[in-house]
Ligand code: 8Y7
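Heads up, the chain below is alone and in the form predicted alone; it's given as structure tokens.
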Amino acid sequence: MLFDCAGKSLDLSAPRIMGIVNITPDSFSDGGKFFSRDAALRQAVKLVEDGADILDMGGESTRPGSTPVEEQEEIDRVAPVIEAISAELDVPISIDTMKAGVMRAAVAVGAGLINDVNALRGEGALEAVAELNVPVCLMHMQGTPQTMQKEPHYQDVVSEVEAFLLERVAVCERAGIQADKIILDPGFGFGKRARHNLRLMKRLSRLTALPYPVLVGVSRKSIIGDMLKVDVNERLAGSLALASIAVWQGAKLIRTHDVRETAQAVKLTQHVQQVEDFD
């Protein structure tokens, strides 16, 4: 599973680490820390030194209840940072956006993967990705970031997430997006209560059995706070536990704020998976 991300390779034959750089003033965990170009570039360099295989850049918060950002403002936030990081670092860059114009602008300055929490349902997004010919990650979300946590409801969350993702895959393929350019994300925390997230994690192997790599993003999320009764600054241990469970069940890409620690947890999980049963 080798993905060509605008000339930079992402090999998902084994689990890889996606480091998060939020170029926003209001993201739930690190909003405002890396809002300037120089601060974001320094953080990107640090994440790669810590073991990130790909960097995910976002200029609009998708936390519950977040305020939407105008397309041009989002471009102004992310484009200079992506251009600088692309010139400085030899790792793929992902753009975390729902907007077609941001997708085009980001790819034009060095991004090589589209990470869309809206699974290309936004105006022009499907056509943009087909034209740009870069890999895409399709995520499940019930509702919108503004409404998703108000009353999420499922009869069978795993089946419904799987059905949604496969339907979006079919839409992508009809639009000319090749199947071997698609990554799936079950969307932990997006329109899901704690019990839904737990069920998804318990049965994640059902999704990883599909012929598409699966991305999992649970870093510092509210499920950890709900279960362990800790605030956002005390969620590292829970994040690592969930990342390890995800890798054990076949996840190929772990999206995280805490790259160094997550890379270690993933590596140790792989060692356990690969050890021979007999000497």
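Keep in mind the model is a prediction, meaning the values are calculated, not measured. A residue's number is simply how far along the shown sequence it sits, counting from 1.
The form predicted together with the ligand is left out here; the points below concern that form.
Proximity to the ligand in the predicted complex, defined as a heavy atom within 4.5 Å, holds among Ala40, Leu55, Leu215, Val247 only for Leu215. The contact with the ligand in the predicted complex, taken as any heavy atom within 4.5 Å, belongs to Val117 out of Val117, Met201, Ile75, Val107. Although the partner is absent from this view, Met139 contacts the ligand in the predicted complex, with a non-hydrogen atom inside 4.5 angstroms. Heavy atoms of Lys252 never reach within 4.5 Å of the ligand in the predicted complex, leaving it off the interface. Here the chain stands by itself, but in the predicted complex one stretch of 237 to 245, 42 to 50, 55 to 63, 206 to 214, 55 to 63, has heavy atoms within 4.5 Å of the ligand. Contacts between 78 to 104 and the ligand, taken as any heavy atom within 4.5 Å in the predicted complex, involve only Asp96.
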